[in-house]
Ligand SMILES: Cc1cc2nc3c(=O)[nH]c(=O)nc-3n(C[C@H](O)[C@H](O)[C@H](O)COP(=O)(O)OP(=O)(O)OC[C@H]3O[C@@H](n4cnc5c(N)ncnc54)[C@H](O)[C@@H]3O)c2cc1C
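One chain comes next, on its own, written out as structure tokens in the form predicted alone.
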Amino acid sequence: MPNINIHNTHIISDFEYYAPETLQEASKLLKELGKDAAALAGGTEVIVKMKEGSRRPKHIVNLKKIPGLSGIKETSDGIEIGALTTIREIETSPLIKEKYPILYQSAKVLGSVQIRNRATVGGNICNASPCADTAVGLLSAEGVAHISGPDGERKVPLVDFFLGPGRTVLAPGEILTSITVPKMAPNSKSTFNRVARASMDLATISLGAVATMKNGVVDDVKLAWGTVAPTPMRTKDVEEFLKGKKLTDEVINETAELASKSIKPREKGRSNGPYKRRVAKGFIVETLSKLRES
């Protein structure tokens, strides 16, 4: 009989389970339990890691019974997306698709339909993966994180939310409750580019772009990138370079060169720096060419 190593991924270590029904209760629990606790939203990250054995929390705090943490609401300033809103809800929202297409574009490429039906936007963001698709879309749309914790509520622009792989500005006991996105200009255009080893795999590199043009000249542009640095990031130097410029071939090529120097990928590994800089150039050329033609 051949020697076969069998890994039973259905074995999960023992843990204590909590299902608070208020933000205050959940916040108190998470602060008291500290690093030994994991907040549960959709479960597409934490449960998988528990089955793999790469994460063994002693306490699980389920946030799903807390009212008011899911749903998409239009406001006078834009939209508010509850942290427990599923990626599939964002993908299928007529409001999102019509008025915030960059959020639709970044949501529809995340995993499979089954995953999107479970995964939440808050979980995807708080996981703080450099390749989080929704983070890239929300960054390019200037999203703002709304946070509740032991010391009250605060708002943090998503551009300042990520500190590193798996690390955010959330302090002990703090919970992401929603993300707000300001109204997009009526004449804005958006594109989302993504490369992955397989269609449902994590992104190898991604770019979300939102721009407005006036008489063929760039009036404003936001460029957000995934998997080109330790966190999802904006290339503000590239954005500033583009403002007020007509998208000639020369400008597009100069922008592509600048973008390739502005990203901060790992220099070694399967998808290394030289590869990602080449892809970044191609993304910029494709994105700006589409904007020029629209």
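Quick caveat, the model's predicted, so the values are computed rather than measured. Start at 1 with the first residue shown and count on from there.
Heads up, the form predicted in complex with the named molecule isn't pictured, but that's what we're talking about next.
Please determine whether residue 45 contacts the named molecule in the model of the complex, using a 4.5 Å cut-off between heavy atoms.
Yes, residue 45 is a contact residue.
Would you check, heavy atoms only and a 4.5 Å threshold, whether residue 266 touches the named molecule in the model of the complex?
Heavy-atom contact with the named molecule at 4.5 Å: absent for residue 266.
Check residue 38 for me: does it contact the named molecule in the model of the complex (non-hydrogen atoms, 4.5 angstroms)?
Judged by the heavy-atom cut-off of 4.5 Å, residue 38 is in contact with the named molecule in the model of the complex.
Using heavy atoms and a 4.5 Å limit, would one call residue 213 a contact residue for the named molecule in the model of the complex?
It does not: once the named molecule is placed as it appears in the model of the complex, residue 213 has no heavy atom within 4.5 Å of it.
Report whether all of 87, 120 and 131 sit within 4.5 Å of the named molecule in the model of the complex, measuring from non-hydrogen atoms.
Checked in the model of the complex: all three residues contact the named molecule.
With the named molecule left out of view, choose which of 221, 224, 181, 126 has a non-hydrogen atom within 4.5 angstroms of it in the model of the complex.
Looking at the other structure, the residue within range turns out to be 126.
So which of 160, 201, 153, 74 gets a non-hydrogen atom within 4.5 Å of the named molecule in the model of the complex?
Only one option qualifies, and that one is 201.
In the model of the complex, which of 172-180, 137-145, 205-213, 96-104 comes within 4.5 Å of the named molecule (heavy atoms)?
Contact-bearing stretch, as computed: 172-180.
Of 204-239, which residues get within 4.5 Å of the named molecule in the model of the complex if you count heavy atoms?
The stretch 204-239, when checked against the named molecule in the model of the complex, contributes no residue at the 4.5 Å heavy-atom cut-off.
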